[in-house]
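In structure tokens, the next block holds one chain alone, the form predicted on its own.
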């Protein structure tokens, strides 16, 4: 059972991350000082350093929270026996909702995630590994039941679906997709189209080329 001290620490950490979501979105990552974050979170500047030594550590903490949220969504909503598209749709829509709670912060976070400059390499790799392990477990089960081809490198399968997720989110930011429902529909369509090339076929590629 969580004690009073642990609850207070968790609450303070959340307040700092929430302050960062607002200030990084409104002011920009580079322009936001640790002092401003502490003030927005309602704590002293010295206190913030007991939780985070740098702003990049706050982004890392957000990544960790994002991953925990995705796991929670999977446990509560995803059906392990559902189709691969359904399971991936649940994961990436949860990620979309979490990242874009603050639109401007979401833009910044995605930029830092895709083109990491300030995220520490060690932590980034650790989080990437946890994320990939999550997807690989789903892919492996889908391969075993014949839904996903076994001759595909799973790392590239994960990269393909994540790329489609990024395309969908980019379309939302550019206004081509205007609502969450638009995002959900567009993402599902892209995932289903991808599966047409990833799913098992009865005729091999060699047989097709020989035929033609």
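Rigid core here is just the name for the largest C-alpha set that superposes within 1.5 Å across the two forms. Residue numbers count along the first chain shown, from 1. Because the structure is predicted, anything quoted here is derived from the model rather than measured.
The discussion below concerns the form predicted in complex with the DNA, not included here.
If you check the DNA in the predicted complex, you find no heavy atom from any of 149, 154 and 161 within 4.5 Å.
Residues of just one listed stretch (25-33, 59-67, 164-172, 182-190) have heavy atoms within 4.5 Å of the DNA in the predicted complex: 25-33. Within 4.5 Å of some heavy atom of the DNA in the predicted complex lies at least one heavy atom of residue 55. Among heavy atoms of residue 9, some come within 4.5 Å of the DNA in the predicted complex. Contact check for residue 39: every heavy atom lies farther than 4.5 Å from the DNA in the predicted complex.
The closest heavy atom approach of residue 144 to the DNA in the predicted complex falls outside 4.5 Å.
Of the residues in 46-68, those that come within 4.5 Å of the DNA in the predicted complex through at least one heavy atom are, in sequence order, 46, 47, 49, 50, 51, 54, 55. Residue 144 shows a C-alpha shift below 2 Å between the shown form and the other one [criterion: core-superposed Cα displacement of 2 Å]. A change of 3 Å or more separates the two forms for residue 56 and residue 173: their C-alpha atoms lie closer together in the predicted complex. In the predicted complex, the CA atoms of residue 11 and residue 92 sit farther apart than in the displayed form, by at least 3 angstroms.
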